[in-house]
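In the form predicted alone, a lone chain appears below as structure tokens.
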């Protein structure tokens, strides 16, 4: 196994390993590298769906990805398709089709499930089919971003809490008529997270921001947006950003506790078929449980 850090402050590529065949010692090496680098790229894995899920379960409990049937004991999928090929196997080429507008909403910097009471720990994306160009995924390390803002702004952020809302962020991305259903909004009300969190595996402070962060708790809209936009713009800059240019068979694992990510545009007349697992976050308080964990 070879772990090659990327230039700058974000991520590493791991070669000479098969994720579907890792023994416990090799998995411990991968886990330590993931904690250090935040995002790991594994070229040429060609994982089956079952192998993808099995590796993800070694990181932690999977998160229920179906917001419509959260309480159902059926319809609780362990993988999420991020694809402009629909369930009937048809390519959806129209860039303004609802499916492609939904996929486009992921082209803004975010961390998965920050709009839930307990946000996600990790995500793993696998490439099944990729376009000839475009469709990259970018990652930005929020630990390095916190270090870069300097002591004055760090002190200003101390104790601040951001309100995260999926209904708000999706309304911006897709329009008011495409927001969540009343049932989904009942399951996913706005939640509050500290603007700075400690990444437990490394003990490093990390910004916790992104497109779902609507406002600073107790602040007005203008003042909130000014600070959140300033932080996001400054955080997602080189050398803190890694761009993964996908090849079919690649897998990428990232830490939602300290990384932001976004997809990049591509020509939707070409198929882009990706499979994602989301690993549920761990409760902070003893005896608590994550209602979204499978």
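The structure displayed is predicted, hence computed values, not measured ones. Numbering follows the first chain given and starts at 1.
The form predicted together with N-oxalylglycine is left out here; the points below concern that form.
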| item | value |
| --- | --- |
| One stretch from 35-43, 49-57, 258-266, 231-239 that, in the predicted complex, holds residues within 4.5 Å of N-oxalylglycine by heavy atom | 258-266 |
| Joint contact, 82, 136 and 276 to N-oxalylglycine in the predicted complex, by non-hydrogen atom at 4.5 Å | yes |
| Contact assignment for N-oxalylglycine in the predicted complex, among 110, 193, 199, 214, heavy atom within 4.5 Å | 110 |
| 144, 125, 188, 163 - the one with a heavy atom within 4.5 Å of N-oxalylglycine in the predicted complex | 125 |
| 4.5 Å heavy atom contact, residue 171 and N-oxalylglycine in the predicted complex | no |
| Partner contact for residue 106 in the predicted complex: N-oxalylglycine, 4.5 angstroms, heavy atom | yes |
| In the predicted complex: members of 245-259 within 4.5 Å of N-oxalylglycine, any heavy atom | 254 |
